[in-house]
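Below, in structure tokens: the form predicted alone, a single chain.
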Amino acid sequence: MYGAGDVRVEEVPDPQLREPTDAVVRIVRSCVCGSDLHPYHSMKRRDRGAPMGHEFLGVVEELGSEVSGVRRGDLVVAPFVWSDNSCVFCREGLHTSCRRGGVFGGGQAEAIRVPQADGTLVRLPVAEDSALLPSLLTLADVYGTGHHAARLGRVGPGTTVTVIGDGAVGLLAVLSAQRMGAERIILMGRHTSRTDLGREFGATDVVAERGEEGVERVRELTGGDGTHAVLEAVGHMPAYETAVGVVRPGGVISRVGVPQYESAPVGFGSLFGGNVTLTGGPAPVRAYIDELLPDVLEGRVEPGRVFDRTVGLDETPEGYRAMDRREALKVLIAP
């Protein structure tokens, strides 16, 4: 990406091992993330393009001398953050704060270097032509992020939930809330094709209104109380303000949409007075893959249904445009 709206496909040198803890992975599937649209809208022009893409799965082609957890030829998925899976933060389930970690860039490509390969890569017991690949790819980010939102939102049996945003993360937050036993799930979104999928994932109600009208509608649906958990999957200030408006006293606002603002109301009239908890952050996806993988492999959930368009690698710029124009929910890239 060279600037807002300027995504190009270029030839670059093949990735190579740099450290004995590295691996080189040939990418089989990657995708465009909703968070990629933030720089697509606002990135300043630069002379050297930024490698894009942080969600991928692929086949291990080269291994550093200290890598023992995967072998050449293994099909693997990588969380969007690499980590050693052994430091104090990783052991606490906070891989996004790993002392040796970092965020991937360059996953929209034919191959990629994976630092800390033993701690990062998870072997998948399927072939590289498996029909499960789209769902398995969601374990790299969006399914784990939706799960993170619901988990930090303390979703469980008997709870009511509002999900703000009908993008891929929001829809998989609905799926996660349903999986965790939520009693009622209100999805706030206005794109019918997406909210229909949200209903199939477990949403009991859909609210298309925004702003004060949306808040009033959620309050009507909940007898004036609001919901126990609000899972905010957008990242813009109006979404945060809606979350404050629909959360129940004593409830939780769980934010996983990347914030596009630096400060937000937390005072007496917003959070303090109602004993509302504010939580969230980048999902430590590696901490969740082992839990989420069996349901995907056994077909009990199909998070890959969020992909509604597939493009070749050379068509990636068009994939960005389709998502930006809301012509696609989430674009799968098949190199």
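From 1 onward, residues are counted along the sequence shown. Just so we're clear, the structure is a prediction, and the values are computed from it rather than from any experiment.
The form predicted in complex with another copy of the chain is left out here; the points below concern that form.
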Using heavy atoms and a 4.5 Å cut-off, decide whether Pro134, His147 and Thr192 all contact another copy of the chain in the predicted bound form.
-> no
Would Leu297 show up as a contact with another copy of the chain in the predicted bound form if we use heavy atoms at 4.5 Å?
-> no
Could you confirm whether Pro79 comes within 4.5 Å of another copy of the chain in the predicted bound form, counting heavy atoms only?
-> no
Would Pro238 show up as a contact with another copy of the chain in the predicted bound form if we use heavy atoms at 4.5 Å?
-> no
Check whether Glu128 has any heavy atom within 4.5 Å of a heavy atom of another copy of the chain in the predicted bound form, and answer yes or no.
-> no
Exactly one listed stretch (251-259, 197-205, 119-127, 68-76) reaches within 4.5 angstroms of another copy of the chain in the predicted bound form by non-hydrogen atoms, and it is 251-259
Which one, Val28, Val276, Val60, Ala287, lies within 4.5 Å of another copy of the chain in the predicted bound form by heavy atoms?
-> Val276
Taking another copy of the chain in the predicted bound form as the reference, which of Glu183, Asp225, Glu216, Glu110 has a non-hydrogen atom within 4.5 Å?
-> Asp225
Contacts from 64-103 to another copy of the chain in the predicted bound form (any heavy atom within 4.5 Å), listed N to C, are Val88, Phe89, Glu92, Leu94, Thr96, Ser97, Arg99
